[in-house]
Each structure stands twice: as structure tokens, then as C-alpha cells.
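Here we start with a single chain on its own, the form predicted on its own, put down as C-alpha cells.
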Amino acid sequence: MIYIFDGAMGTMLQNAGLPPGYCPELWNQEQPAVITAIHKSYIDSGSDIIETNTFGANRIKLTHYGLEEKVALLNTAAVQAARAACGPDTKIAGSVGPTGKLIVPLGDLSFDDAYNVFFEQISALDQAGVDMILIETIIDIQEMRAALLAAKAASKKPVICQMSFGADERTVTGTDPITATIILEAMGADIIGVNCSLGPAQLLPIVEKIAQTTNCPISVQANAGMPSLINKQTVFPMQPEEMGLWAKKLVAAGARYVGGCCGTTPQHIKSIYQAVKHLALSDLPTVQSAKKSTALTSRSKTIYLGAGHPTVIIGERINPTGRKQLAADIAAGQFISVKKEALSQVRAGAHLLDVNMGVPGIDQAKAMQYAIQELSMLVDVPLVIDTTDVNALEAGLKAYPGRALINSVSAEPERLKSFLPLAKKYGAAILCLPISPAGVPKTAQDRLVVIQEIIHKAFETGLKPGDFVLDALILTAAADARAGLEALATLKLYRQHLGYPTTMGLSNISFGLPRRDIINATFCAMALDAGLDAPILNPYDPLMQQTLAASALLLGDDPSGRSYSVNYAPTSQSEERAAPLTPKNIIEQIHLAIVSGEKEAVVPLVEQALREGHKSIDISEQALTTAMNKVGIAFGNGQCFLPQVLLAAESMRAAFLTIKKELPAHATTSLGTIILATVKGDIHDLGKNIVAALLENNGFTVIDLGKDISPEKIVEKALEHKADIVGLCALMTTTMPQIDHTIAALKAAGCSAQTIVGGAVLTQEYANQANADSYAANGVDAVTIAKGFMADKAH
């Protein structure tokens, strides 16, 4: 059955007379009949499901209007207004929008605070009687994780999770549809989908990717195309009939819940209804079923494990066991060495990173939380949370904006009782370790029995077949002559009886013996033949890298030896890849630290450069500026994402501040003064805050006026501060005209500042029509444009 959602609420409220800048949700209490009439118009057009007028009815958003104590009242009133419109078969979805803030470390909102804000709103919607929870228009997967956890705790009703993606098919913080789908399905989302930002043509390939990844029902609510400014009015170009044609394509791609977002009206919904409501599912194209491989993700990348996929290397170096300096650094709260190990392992070819904070006597939960937060910004490979401490495990899982692997779950009762529910709650996979209360089984057959017991308990907890990675358990060959043989036999039994991906910590086999690299590499080759999918190893070891490459060729995983030839031909890059990067001088070291986002490392490097006599201008131009340019180019090419850009910008700011502190007489001068504001009537400032952070960290003086700022106030401040640039942001289609009102006011007042405009709904075309000097599609673009303008001005 195809279900029909409703369309835009904001446009309808504006047409009904909602004043600009007025809280839309307050009309649930003050004008319930108007809200009911809007719902009724959509139901009459064919909507099976209507969404409550509660998109911004959370405590953070309502604070802007001084209504933060009315969360329950306004959400309850919204449900009552919706219920008054319903027929016997109409369902009500409780709409839950974003908080408008980014979660730590990208922003200043803690995960727990975000969870509590969502829990409060969703509890009110649930108690008021909605039929399902709709979390929508979310642009950061970590915020969606907090909202989904809150929804699962506050309500037993179905939860729909809809992310918003850009034209590059990624969210603002870099998550692609496949990665988001894997994370959300594992965490228990009942329906997964996409809404807003784009029209149906752009959302079609996103729906296709979601359908190829999950068997969950899929929802889609597209805008009526991208808006244009025509005769000073914001116009969405797509007509109802065209929307209906696209709805057919979206359903054919796998969507079963279809509606509209910005710019859609009851006429659009009627067209969608007529096009798809009565389609027989048996007549639709068969969507290829999702493969049920074990998948792990970071915020922006997915790695599959198991038969049919390439061998996955799990880097083992972030582990203080037997490493005194690393342990001392972690105990002292210094994570420079941890970050260096992460970067170096990824450069050396690691696909996953094992993270262990097991230093005796420290708060391991605090250390794990910080390490996971920082590493999730620094590298894009999925992380493995390696701990025996249940508090450290939950701290790491909560902080991680992806689907992690838990290392490990044994058959010991306490481990099963405490670790499995956390894996289920946070959607993590588990590394199953064949250790029982009786100890380590000697034979492969006994290990299989223990693993089957763990999997049985995991299924009882709610985990699924794609949630397991099996450890064959290697003992030391020097102490047990059959250690290697039993591990190899265990791998074969796992593949024969269970079929889940396998792993092992390879270096255990050689403990206490000389030339461990030879033993480890030889055993790795044997284990790969026996069914090993994801060895845990030291990725710096060149012999191991060579063995992995040769094994892939010999086992048929590298057709024609193409990858092997690329890496080991006479112009080989393998040694360069395996070795850490070695900058030639201090300037190059600073450059690399900025690019890598090593903000703690950059300060002593700048101090050293100054002591060595390097001029501040040379450090700024040859190290800092070139590094940020490199990061900007990588961002534009889709090679890195917002978290890495922000981290590099923070590192650059730390470098500037160090120069200023050490050489006050040579203090760096501001690149220019920029006034930033979200325009009148618009209370969304997430994107504007990102732009502000990037501009400040790149050396501009930023005067951030905040959100919902009138043209008069912007003109006043631009003239007062003699601004070089005025940056204007609008997220809502209803507030877009304030962009051209403000630009007109600036010009009328004789303000000579250049104007840069941006925001989710703006386009280059709209910027041109509004007489803006420039349009910035994202924060990196804004920095580039601002630098270019200031350079031209200087000449």
C-alpha cells in the first residue's frame, strides 16, 4: 500500500495570515481552527497522514519566542487541532524538527541536552495521541541519533527518520544516504526517508540508494523544485501535475510513503494521490533487496565486512597496553599521540581503527568519550570501541556519530548482560570472543559452541545477523604448539556453520619470539586462506602490507593483479604509503598539522618556528594559508567534509593566536570586518554559525548579529563598524524576500559593503535577482569569496 503524506505547513500558515516573525506553533493555541482547516484541506486532497504543526515546538526553538515553558501545551494543542480534522482512517504524525544547534564537538550542544530536548517534545506528542513520530529535516546524523534514541525511550509508536541532503547527496556534515540508512536501521528506525532541500528529481537517486541499503519502508517528501524570486515573490516552480509524475518515479524507486515539503500545496498532494495511491505494488518494478552484510560506518563512510568484500585492516595501534608513553599521554589528558596514531594508520591503509583507553587509574569513560569525539572529527574511517568497562563503552557509543564495532563480547554472563543491550540501543555491531566462564576453549569445535551461545543471547536481545564479527582467538605459538592450527580450524568452522565475517588479533601468535613480523605475515596469509576477513594488525608493517597485497591476488580478490601492480611496480608508492609523512622543515610541519586538524600539535610548532626566526608573515602565508586552501579544495572535491574543515580552521585559529601572543608587536591584522545575520523572521542560525566559525578562524573580524535581525539593525551595524562585507542567511522560503529587502536597505543607506548571501533554500539565481554581490553555497565558499574580495580591495 502507498501512503500519502500532506504538504507544506509554513506556506499555508503564511497564506492564512501568520505575521512574519511570529511563532507558527503558537497558533496551535491561539488559532486552532486555522490549523485544523489546513489539515482538512490536505485530507480532502488525499492525505492518509497529516503532520502536526510542531516542527519547531522544542524547548530550544521556542526559547527564541519566550515560549520555552509551553512545550507540552503547544504540542498537545497541535495534536488536538490535527485530530479535529481527521477522518476515521487518517493518521497523525508528530512532527519533530531540528534544534538548530550542532552537537559537540561540531557545536556547543551536548548529546545529553539534545536528547532531553527531543525527549520532552516527543513525550508530549506521544501523550497527546499521535499515531507515529516523524523526525524530519535533520542535517546532522548525530542529532538524528539523539532524536531517535529519545523517540524510542519516550514512545512505543513507529518512528520515521527523514534526513535532508544537499545536491551532492550528502548532509551538511558529510553523511551520505547509505551511511545514514545503515546507522538508522541499526538503531531501530521503523521508516527511513528524506525530505526538504531538493526537488523530486534530485531526491530520486537518494531514494534509490536508500532502497538498495535497507528493507525498511521508505518515505520521501520533496520540495516543489528549487525556489526562484519572481516579482519580489518567492516561487516554487514545480506545478502539481509534474509533482504527480515524479511521485510515480519515487514509488517505482522504492518509496512507500510520499508527500510534499516546501512549496507544495493541497493541489500538489491531490496530484500525488491521483498518480500513486491506487498503484498495485505487484505492478511496480522489483527493487533489488538490500544485501545483509555486516557494515560499519563513520559519519561519512561505510565499510562492509565478510565474504565477497575486500579484506578489511583494523589498525591496532591506539592501545596503551605495553606502550608506556601512549599510556602516560592518555593519563595526562594529552591526546596528540592518539591523534597521530590515527592519522598515520589511516595513511598506512587501515580501514578501521581500534580505540582502547585502558589505562589503570584513570576515568576511562571520560577518556573514551573524548577520544571518540576527537577521532570522529579527525578521520573518516569507522571506529572499534575496545574496552571491558561498561561505562567507557556507553560513553564511546553515545559520542560516536556512526555505527561502531564493540570489541568485545564474550560468553561471560556479566559481559552478555551489560554489553548486548548497549549494542542494541546504539545500533553497534559486536565482536564475538569465544571465551566462557570456564576460560578459553582449547579446540575449534569448543570455540564454535561458545560463539553460538553468544549469538543466541544476542538474538534474544534484539540483534540481527548483520551485527556480528567473529574472533577465532589466537593464542601464543611459543606457549601452545597447536595455537595456530586451532585458530585456522576455528575460522573454517565459522565460515562453514555461521557465515559471519571474522577477525583476529594477528600479533598474538608471535609473542615472545624473534622476527615477529615474519611470523605475523606468514600466519596472516594462512588465515586469509582459511576465511579471515578483518585482521587486527599493525598497518605500518611493510611485510604485512606486502603479504596482504599478494594474498588478495592469489585468493582472487585482486583480478589481474591490478592493485598489486599499482602498489609494487618499480614506481611503487607502497613504502611511502606505509611510512608516516615526514615534513622537511618546520613550515611544512605546521602546514601538515593544519591540514590534518592537529590543533594541539600546531601551537608548539608555531612557537618553535618563531624561535627559529621565521617571520610571522611567512608562517601565515606559507603554512597556514596554503594549508587552508588545500583543505578548501579537498572540500570542494568531496574528499573531506565539514567536521574536517572545522577542525582545520580551529587549528589555524590556534596558530594565529599563538603568533599574536608570542609577537604582539607583529600581531596579525584582521583580514576584514564582516557583519553576519540571519534575516528578519528567520530563527534558524545553524548554517550562519558555521560560516562565522570558519571566517573567524581564517582571520576575519566577525560581528555576528544573530538571528531574526531586521534590515534596519543590519544597516545600522554595517555603517557603525564600517563593514567590508555583510553576510546574510535565510533558511526558510517564507523569509527569503527579507534577503532582497535588506540588500535594498543597505544600498539605500549608502553602505559600500559587499553582500554575500547563502542558506539552504537560496540559489545563485535567487542571489542574482536579489542584487547580492555574491552567493555562497557553503561556509568554505563564503571564506573563499571573502578572501577574494579583500584581496581585490587591497589592490
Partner chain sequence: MPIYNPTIQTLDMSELKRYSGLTKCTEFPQRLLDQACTEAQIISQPKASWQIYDYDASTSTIMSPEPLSLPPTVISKHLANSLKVAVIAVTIGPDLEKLVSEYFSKNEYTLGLLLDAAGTTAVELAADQACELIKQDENKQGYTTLFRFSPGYGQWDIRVQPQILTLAHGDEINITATSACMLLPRKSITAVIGLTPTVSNLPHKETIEGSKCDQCQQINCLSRKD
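Between two forms, the rigid core is the largest collection of C-alphas that superpose within 1.5 Å. Quick caveat, the model's predicted, so the values are computed rather than measured. Numbering follows the first chain given and starts at 1.
Beyond the structure shown, there is the form predicted together with its partner chain, which is absent from this document and is the topic of what follows.
- Shown alone, this chain has one stretch from 315 to 323, 525 to 533, 692 to 700, 79 to 87 that lies within 4.5 Å of its partner chain in the model of the complex by heavy atoms: 692 to 700.
- Of the listed positions (Tyr273, Trp246, Tyr500, Phe236), a single one reaches within 4.5 angstroms of its partner chain by any non-hydrogen atom in the model of the complex, namely Phe236.
- Shown without its partner, this chain lists Thr213, Asn356, Ser197, Thr99 as candidates; in the model of the complex, only Ser197 has a non-hydrogen atom within 4.5 angstroms of its partner chain.
- Among residues of the shown chain, Gly672 is not one whose heavy atoms approach its partner chain to within 4.5 Å in the model of the complex.
- In the model of the complex, its partner chain stays beyond 4.5 Å of every heavy atom belonging to Glu136.
- Heavy atoms of Glu650 reach within 4.5 Å of its partner chain in the model of the complex, making it an interface residue.
- By the criterion of a heavy atom within 4.5 Å, His309 is excluded from the residues contacting its partner chain in the model of the complex.
- Contact residues in stretch 616 to 642 (any heavy atom within 4.5 Å of its partner chain, taken in the model of the complex) are Phe641, Leu642.
- Superposed on the core, the two forms barely differ at Thr503: its CA moves less than 2 Å between the shown form and the other one.
- Once the rigid core is overlaid between the shown form and the other one, Cys161 does not reach a Cα shift of 2 Å, moving by less than that.
- If you fit the rigid core between the shown form and the other one, you'll see the Cα of Tyr426 move by less than 2 angstroms.
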